[in-house]
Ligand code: T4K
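Coming up is one lone chain in structure tokens, specifically the form predicted on its own.
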């Protein structure tokens, strides 16, 4: 018997069973936070009055300073997006040959290497942290290996000391893809201070965005100097080019958005944290569902609500659950399915890579990301969780109804 509250929310009328979606609006993973709209428009009007739209203007300079101060790093170089930031950093560090990366990451991490004809060597992950497993790295090192890229997945830090130790012993460069980890810390130090450099993404889907954007943060003076040259065609003055480069500059409007977002960062984190705790309360006792946790003693941005689905207990697959949620206008995501190694061109280059990536293979079939952020309220979370509970409690009936 379905309880009255669930019935009132029309959860018994799942779209797969012939009813209307529970939500009229669509709830997205990664729907942008906006911040103070009036303050943003003030800044944009000032940019227009200054008639300085790009080429390292006032707002980019201010944004870089604030990011460097917040992360505790000497240098922040704002870039047009996180992917170009990775590509420039890889090139500035002189990486070539092979670089070891996790396959459980957004495809840009691998593409930023392959785009420069560097081979990404996919390494397995720790099943508890979902981050690259240091125990698996050393057996992937060859004479052609020049670097390691660790990814702070979900904003939860890699095993930094272990990666730094391996990099030092094998004379490898170490980059951290910190696209998820802005505002997070590791052992009391802010993400941004580790390795040779760390790279942030400020894409619209991140909890702090600049519409499109990214940044490289580093304490290495020479590396910072080189990246500044490279992101502006190699110009070292008005008409003097001294190095090969590209156009990786962040524009003033993007920086204005970033500065506006920084003024609301504590609000964004508080909203994410409240929602995370609400999801935990609502789903922690649901059979077959495990919610990843965040270290309470560290700073977290709590952006990602990550579920591990155990089909042997839920009796319904992650993929079917996603389809049902989508039918209810809950646009949950399968991050990072099916793993970079199963995408082109890598699946053709390395057709047997999955044999070395058992944890990645397993988790990529079980991870489910739920909506979070300032566009999702407590009532939304109640409905989302009630739908999930309903689906799992009635898995056998639902599978029978939708069977061909």
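Positions refer to the first chain, counted from 1. Everything numeric here is computed off the predicted structure, so don't read it as measured data.
From this point on, the text means the form predicted together with this ligand, which you will not see here.
The candidate spot formed by 28, 81 and 304 is fully in contact with this ligand in the predicted complex: every one of the three has a heavy atom within 4.5 Å. Taking a 4.5 Å heavy atom cutoff to this ligand in the predicted complex, the contact residue among 116, 142, 205, 293 is 205. Proximity to this ligand in the predicted complex, taken as a non-hydrogen atom within 4.5 angstroms, holds for one residue of 275, 254, 109, 73, which is 109. The stretch in contact with this ligand in the predicted complex, judged by heavy atoms within 4.5 Å, is 178-186, chosen from 281-289, 244-252, 178-186, 226-234. Contact between residue 32 and this ligand in the predicted complex is found at the 4.5 Å heavy atom cutoff.
The closest heavy atom approach of residue 299 to this ligand in the predicted complex falls outside 4.5 Å. Contact between residue 173 and this ligand in the predicted complex is not found at the 4.5 Å heavy atom cutoff.
Residue 258 falls outside the set of residues with a heavy atom inside 4.5 Å of this ligand in the predicted complex.
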